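Take a look at this single chain in structure tokens; it is the form predicted alone.
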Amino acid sequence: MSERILEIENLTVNFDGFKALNNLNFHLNKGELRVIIGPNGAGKTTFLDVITGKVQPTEGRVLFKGKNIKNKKEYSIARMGIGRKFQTPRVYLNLTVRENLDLVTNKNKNVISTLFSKPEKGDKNIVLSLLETIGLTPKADLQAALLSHGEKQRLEIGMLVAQSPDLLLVDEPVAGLTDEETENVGNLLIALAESHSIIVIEHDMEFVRQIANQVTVLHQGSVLCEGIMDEVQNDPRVIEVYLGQETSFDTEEIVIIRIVASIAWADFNLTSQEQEIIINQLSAEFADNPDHEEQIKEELVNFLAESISLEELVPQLENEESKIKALRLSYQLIKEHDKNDLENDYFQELIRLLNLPSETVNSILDEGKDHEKWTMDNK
């Protein structure tokens, strides 16, 4: 059994009758990187506030390395080994990158001594190592104010690591970043997870998918569900929470819908024509009656908002019937408009990943050919 660095038991935080956290239970193993997601108001910020001592629980307790941290001051908890990075970078803009790191590694912890005294050899080596870790060695002597937003985020993470915490709490580190900067921050956190325990609060699902092995979903101050990203993103309860409405589809159907959408997203551009084709196909496929068909058309739009790789989706199909349905609906999509090479490559990849018997695949493809022939005969 893995050693637990953090345990939260029956935690409730009550603000004048409003329960920001409600009987929440959670644990984190030593060396684990966990991502916390949830809609606005789910309790994510309060969750971090309690761990760092900014907010005291009304009920329950928080154990860090087996010790109850209830009623401890924020600075005491920080000294125990918990470091927090807030969403907005908190760096010294008038200092260089190197000076920012010198400041937090300097044993005197004093701006004046950092600027005007020579760093000790050990501290200097730590700074050099940190610069390399956060990817800012080429900009070591650049004023922090001149860094991009993503570079400031990495600098602050480096400053946090310099304080040698055992547990890093990172709040929305990629908000407002470019795709490249987001990837850089993700790679940094993955590297740090080799030697630290990390909790990340985030909304960007692509980023979550990049870094997370385990995801915890908060809703109304409690843990709604936990699991790997594939399980969480297709959990009907999670979809209901994020979309604000009950979903008409079960988990298996959601995976099929997303496979079809991924074929259409092959060229990174879901056209309005493709969206209409998908919605018409799937509403007819899954609706119980004509009235229900119109109802779920609006819901289907939400599932077409992003592309998820086939390598992630296909293994989630639990039986051959679902695999056949995914292949048939995907084939119908690419037959009903002018497919391109990327869509064709994705479709061939889908066939490979589904690993259905060749006679089953050929039967589905033959159905499409018969449809084409019938259409030509009736022109």
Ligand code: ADP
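None of the values given here were measured: they were computed from a predicted structure. Numbers follow the displayed sequence, beginning with 1.
We do not show the form predicted in complex with this ligand, though everything after this point is about it.
Any idea which of 63-71, 349-357, 45-53, 314-322 reaches within 4.5 Å of this ligand in the predicted bound form, heavy atoms considered?
So the stretch in question is 45-53.
With the cut-off set at 4.5 Å between non-hydrogen atoms, does L24 touch this ligand in the predicted bound form?
No.
I'd like to know if P39 sits close to this ligand in the predicted bound form, meaning any non-hydrogen atom pair within 4.5 angstroms.
Result yes; P39 sits at the interface with this ligand in the predicted bound form.
So in the predicted bound form, does any heavy atom of A20 sit within 4.5 Å of this ligand?
Yes, A20 sits close enough to this ligand in the predicted bound form that at least one of its heavy atoms falls within 4.5 Å.
Quick one: which residues from 138-152 get a non-hydrogen atom within 4.5 Å of this ligand in the predicted bound form?
The stretch does not touch the partner at all.
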